[in-house]
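What follows is a single chain, given as structure tokens, in the form predicted alone.
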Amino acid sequence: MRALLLDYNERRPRVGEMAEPPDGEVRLRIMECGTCGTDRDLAAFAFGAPPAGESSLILGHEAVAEVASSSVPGMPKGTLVVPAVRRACGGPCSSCARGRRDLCVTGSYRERGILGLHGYCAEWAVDRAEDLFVVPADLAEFAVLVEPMSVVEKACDVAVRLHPEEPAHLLVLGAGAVGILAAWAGVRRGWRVTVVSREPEDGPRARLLRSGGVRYQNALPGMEADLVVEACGSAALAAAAVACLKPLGVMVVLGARNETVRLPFLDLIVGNRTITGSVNAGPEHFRQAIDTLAVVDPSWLRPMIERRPLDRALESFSAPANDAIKVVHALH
């Protein structure tokens, strides 16, 4: 079968042939697989690893698939599904034991297409039913956004639980796919949403966000927010945004790189402000992501996706030459 591979011998990504996976509980016909910053970091060998004893890793963790065959009642052939990314560690880990592998405390988890397990940017895959989330057929066009939206839903869940009152204003840092999905999640919750990013204020991303009632600007000064979701990859911008947090405010960091920054600890203490990190997503967040995408205006989602054939997959590891927000590879 054809697959997008990260070759650890040649130190490069490539499209090549791999043996089809052996039969398992659920056999999947992969329809589409998205590419994100994690994939580009993997291709730069910043982190990640292939399965034990292998020299290549099938990339791809943002997938939507059709069940090709199944031994599981209630998951017949043709069912549309989105797979989870992380697999539980071997323990002892109370988080993994209760189904919250996204909160694994041992660090011994594995992740499809990232760490120790092949991913989904291939024609076929095999999974367990417990790792799959059924998606309504009428959401097929946007199902590839479920996995990144699940990360956003977890971030929002964490922020709300940490905020002791009712937050009203969400500030999102970054107008990439995760940042824009965070904006839509905030709008759905009835929050006032502002996105700050470096893309032009008259550019397509700004216009898309404004079409959904989201404020867009290039600068932070003067901003006040109850919640901040960092989706830009910059610790420096995240640190600067601490000044935007109102008393009791919460910042959730999703993608900032390791940088040395200064934080106003006295302001954090006096204002009862919170900064926390979040990664991956739990089962309830995948379900919330499906529910959110089902009600978000399709005109806000459709412009986010650029579909390409697998033959063009290597283009996705350089900065997009156009305004593509989420590049998606079609496998079938």
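Computed from a predicted model, the values in this text were never measured in an experiment. Throughout, we count residues from 1 along the sequence that is shown.
Missing here is the form predicted in complex with a small molecule; even so, the following discussion is about that form.
Proximity of residue 147 to the small molecule in the predicted complex, heavy atoms at 4.5 Å
It does: once the small molecule is placed as it appears in the predicted complex, residue 147 has a heavy atom within 4.5 Å of it.
Looking in the predicted complex, any heavy atom of residue 294 within 4.5 Å of the small molecule?
Because no heavy atom of residue 294 falls inside 4.5 Å of the small molecule in the predicted complex, the answer is no.
Evaluate residue 285 for contact with the small molecule in the predicted complex, applying a 4.5 angstroms cut-off between non-hydrogen atoms, and reply yes or no.
Because no heavy atom of residue 285 falls inside 4.5 Å of the small molecule in the predicted complex, the answer is no.
Although the small molecule is absent from this view, report whether residue 279 comes within 4.5 Å of it in the predicted complex, heavy atoms only.
Within the cut-off, so yes.
Contact segment among 66-74, 49-57, 268-276, 33-41, judged by heavy atoms lying within 4.5 Å of the small molecule in the predicted complex
Within 4.5 Å of the partner lies stretch 33-41.
By the heavy atom within 4.5 Å rule, which residue out of 132, 122, 114, 195 makes contact with the small molecule in the predicted complex?
It is 114 that has a heavy atom within 4.5 Å of the partner.
Identify which of 182, 227, 85, 173 has a heavy atom within 4.5 Å of the small molecule in the predicted complex; exactly one of them does.
Looking at the other structure, the residue within range turns out to be 85.
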